[in-house]
Ligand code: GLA
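Only one chain comes next, encoded as structure tokens, the form predicted alone.
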Amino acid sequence: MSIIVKNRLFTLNTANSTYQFTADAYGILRHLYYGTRVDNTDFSYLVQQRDRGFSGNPADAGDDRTLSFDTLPLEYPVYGCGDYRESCLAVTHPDGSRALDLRFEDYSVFQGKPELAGLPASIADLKTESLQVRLRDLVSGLSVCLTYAVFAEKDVIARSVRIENHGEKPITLDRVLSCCLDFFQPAARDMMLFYGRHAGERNVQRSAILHGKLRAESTRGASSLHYNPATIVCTHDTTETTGEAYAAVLVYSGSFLISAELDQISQTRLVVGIQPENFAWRLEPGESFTAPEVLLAYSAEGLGCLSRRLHAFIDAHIIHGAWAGRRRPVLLNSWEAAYFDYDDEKLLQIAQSAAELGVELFVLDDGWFGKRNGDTSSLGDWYGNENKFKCGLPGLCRKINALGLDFGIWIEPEMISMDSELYRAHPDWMLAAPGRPPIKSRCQYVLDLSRGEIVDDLFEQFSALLSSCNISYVKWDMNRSLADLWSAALPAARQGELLHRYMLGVYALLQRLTEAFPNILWETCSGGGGRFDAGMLYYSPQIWCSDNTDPIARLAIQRGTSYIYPPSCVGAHVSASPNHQTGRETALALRAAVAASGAFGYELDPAKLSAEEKQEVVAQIQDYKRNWQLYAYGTLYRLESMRGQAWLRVAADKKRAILTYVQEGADANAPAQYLKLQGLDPMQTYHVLPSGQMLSGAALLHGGLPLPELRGNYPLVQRILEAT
């Protein structure tokens, strides 16, 4: 069993980790341990209680000054009980008071895991076991149900929380976070955040957790381009291959908060959940509120091992549906080939050229609907642009299919243009603060998806579109942050519910459309990677990684992404050179090597390629089709390199591997370079292609692979290793 309960001591075991907490004599839920698996141990002995000045004591502790919520390691800390650190739950009672004091009530253990109402969450298998622990505030009747779903073989614990009002009056939830981790043994720890901007997402920042608070957060109504809703906490000495590391990944796509705090006695607290700013939820008697899930993973073998555990889990238990585990079609997206300037004749010329190269899917990007010829109109009018298509959208689709290509399309369901039939019919459907001019971004505004009738209308529009022709792929975009936070459908006292209700509306629409059209390949996007999160991956098996298609810029973007998310879900395209975002010139081989990260495609006009480049593209597509399992699902190792970036993908049986190395520049008379590989079988002999070397796995692991002398801009080395 993965869950063991003995005398209110709760032990959760995965293959390589143990998580433990206890309900003490006072019913306080104390966190005891999370780390390397240790069987048959009660870690209560680790907690040392001492009298700390200005740390108050609960009334039932009597004269015991050592017992304080302010210093104990807790499973689910709340505001108003004398704990002055970051809390997970804060409420306002009908009389305006805010005190809470949660104590243990009961627990249950069962196979599988409960669904989270209206929210994406990890998917259980037959081996998943769950623990639910119920806490109750005796004065108000508020109860908290903590759920721990243990995926033992994948070394992941999925945490979630449900708040229930069993009292007789409504309570306002001011703050509901999903997870707390208290590291009560003082140690020098770092926090890894994934920050960025449009066209520069998920850069890695590793900072020491010092006294005060270190935060990553979004208040934008989306998980955002600017911070990712995931973090890694590790010791100062943790490297790619050694040391302890913990990951917390929020399965949510809206505004969020991740905060790490070093307290007065050098304990570290990490909390994760919905952003409390602009959040207030009125919970009526008998109602409940469910917070998003957090995925916890631990590694004692460095950051690389932690990433690989997350990759395996997300591929198996978040991504699901018809396209899970399958090779995605090699696509060509029309955006950088034509932008808004096209008609059906031009599109067919691009598609014809793409088909001749071996492309399998043609994707029509922005500009196909309403009267849209730029970004100033027609969002909300999801029917074909009659001025662009002589044969109509269904006719264009049939002609694309006749070329041997599948047909895909771009949509932006959450947005509206003032110059649209939808706005003229329903101006109150747009988010807008009363009496104030709305904030415009990219000449567009946001539909109030907290309202069920708007979700219903969008479902009907897109159902009609997707039923009108043979559409096999949909790119769902979202190109601005939310502002003007006011809904015409909510009373003043409930406007604080808007952002979360909006996100629930997005999820509801995604759920209905993916269920109605289960064979369509869905790819989500938000100005590139502005909602690259586990919540979106529940509905779409891939996400457009970034609008920046420059391969050198993508090295950093995709490396940062790889700390949490698997290669299979990374949308990556080969684009033109010079690159449209940076103006940088790079070799076609380099662009393809960087783009071969799972969901591979092109974003250029193939008719503009030279004859030699066309032959190269044909070979690239053939290579991807031949090696797609390694590219998308091979075990990923980020290798140490002094001069560039190197990554290795190894097959599950360790008989094949693909190495890619990109160096950012070259030096005259440079020192020799070697890459120590990882993940290979030391007992096997590997044929290294195209160099022809025959080397043992042990030699490659411990001695390394010599790199050739490298010259020119951004030199590339690729090697295939095959066990003999």
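Quick note: we count residues from 1 along the sequence shown, nothing fancier. What you see is a predicted model, and the numbers here were worked out from it, not measured in a lab.
Quick note: we don't show the form predicted together with alpha-D-galactopyranose (GLA), though the next part is all about it.
- The partner is absent here, but in the model of the complex a heavy atom of R442, alone among K213, K371, R442, R134, sits within 4.5 Å of alpha-D-galactopyranose (GLA).
- For the candidate set G528, P606, P329, P73, a heavy atom within 4.5 Å of alpha-D-galactopyranose (GLA) in the model of the complex is found for exactly one residue, namely G528.
- The partner is not drawn, yet in the model of the complex one stretch among 474-482, 169-177, 612-620, 257-265 has residues with heavy atoms inside 4.5 Å of alpha-D-galactopyranose (GLA): 474-482.
- Contact between E244 and alpha-D-galactopyranose (GLA) in the model of the complex is not found at the 4.5 Å heavy atom cutoff.
- Although the partner is absent here, W335 lies within 4.5 Å of alpha-D-galactopyranose (GLA) in the model of the complex, judged by heavy atoms.
- Taking the partner from elsewhere, W544 is found to have a heavy atom lying within 4.5 Å of alpha-D-galactopyranose (GLA) in the model of the complex.
- Taking the partner from elsewhere, W410 is found to have a heavy atom lying within 4.5 Å of alpha-D-galactopyranose (GLA) in the model of the complex.
- Residues of 365-393 that come within 4.5 Å of alpha-D-galactopyranose (GLA) in the model of the complex, judged by any heavy atom, are D365, D366 in sequence order.
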